[in-house]
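We begin with a single chain expressed as structure tokens, specifically the form predicted alone.
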């Protein structure tokens, strides 16, 4: 590794790969950093298993000029020799971004001078910085959600994609996420059983998709084919149902649910109990904004884009000069938008460097595709949203911050004392200061604040993060 690169890309998911390939071949030194063992992010995790080469998408992917589905993204990926000028570092974590795009990076042992089981620190200067840090799932906490066997939808996918392990022989799937059907099909493909899919949304709410069919009929068709596959396999599917409790002594053995009315409120007397050895649950996605915030990038709040997102201009440059953002951190919209924005951000950087290669109409086509992806994603994000009444109804003894063991009752108590902003409530409770640094509870805490105080997102305040944004062994700082 060098100490300076023309362009540094943080994240090698769909956006990062698309950007790196667009930047390659222009005489630039490009560094791609990712904390996972290989490229691909969550969607391409199973497909990007080589460590020496690189990846590219079939050029025909963007020629249609239409919305790109996740399935097409996966099918168009192909391995290639690593392009000249591109350096990839995996299992490395960017801990902070400082003035003039100086990065503090924790790198794995093989890259450290001498021997160190804890890895070591490196300072890297980026001429241009592209942040493509993706997203994580968000949740509605319930009694028993910390039991072994209760996991996120994404965690269940990772088990199968990375280790070939089923969550359990019988898995119950719940929440509001579009990942529900995808996960169910993957479980069935791996010889597992799906007890049922419990969707909090009623069918009537999904009819809002109809006006979008004109431009996104093949995406809707893809979803319809998934549903047909589940129906053929006789998977039970219920709508307007929410998990209220997971039961078990040492692990989950049963799940309690309640029916919901059209506003998302529980209907008394409708409880049902499902036997389950695993529960996979999720309520949409939240952008990974820790590094952009720490770098000083401005944020906007938009519930239809997943909450707090990084503010970018038409060229995908953030409020910090020469720092760009692409993919889910500018708004949750899936792999297609990440692919398009990875290319657009790379084209913008090339133009700034005086290396513009294509006609304007190519970039204009990508912009049109970006807008189409956003329109469809807005509807999906609305389906994932949980009503405020659901957060208000969380029992006092439910843990919100697992790392620091902060309960809903303690959060209510501190809000009543006047700690009604994201920053003040975090300091008053230590919620989000534990080992995971708020990766799970920080979006939940924000939603609870909105629900209990009735404030606007701007009144509640955006989250703040300081370096190091992730845990790292102290020994890594001491290594010469």
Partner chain sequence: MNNADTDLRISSANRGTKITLQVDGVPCTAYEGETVHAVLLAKGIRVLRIAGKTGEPRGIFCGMGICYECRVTINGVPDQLACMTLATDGMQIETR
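Positions refer to the first chain, counted from 1. This one's a predicted model, so the numbers in the text were calculated from it and none came from an experiment.
FYI, the form predicted in complex with the partner chain isn't displayed, but the following is about it.
Taking non-hydrogen atoms only, residue 439 approaches the partner chain to within 4.5 angstroms in the predicted bound form. Proximity of residue 167 to the partner chain in the predicted bound form: non-hydrogen atoms within 4.5 Å are present.
Although the partner is absent here, residue 149 sits close enough that one of its heavy atoms falls within 4.5 Å of the partner chain in the predicted bound form. In the predicted bound form, residue 321 stays away from the partner chain, with no heavy atom inside 4.5 Å. Proximity to the partner chain in the predicted bound form, taken as a non-hydrogen atom within 4.5 angstroms, holds for one residue of 249, 314, 233, 78, which is 249. Think of it this way: in the predicted bound form, the partner chain has a heavy atom of just one of 257, 370, 385, 288 within 4.5 Å, and the residue is 288. Of the candidate stretches 260 to 268, 132 to 140, 340 to 348, 198 to 206, only 132 to 140 has residues with heavy atoms within 4.5 Å of the partner chain in the predicted bound form.
Taking the partner chain as positioned in the predicted bound form, the residues of 275 to 296 that bring a heavy atom within 4.5 Å of it are, in sequence order, 277, 278, 288.
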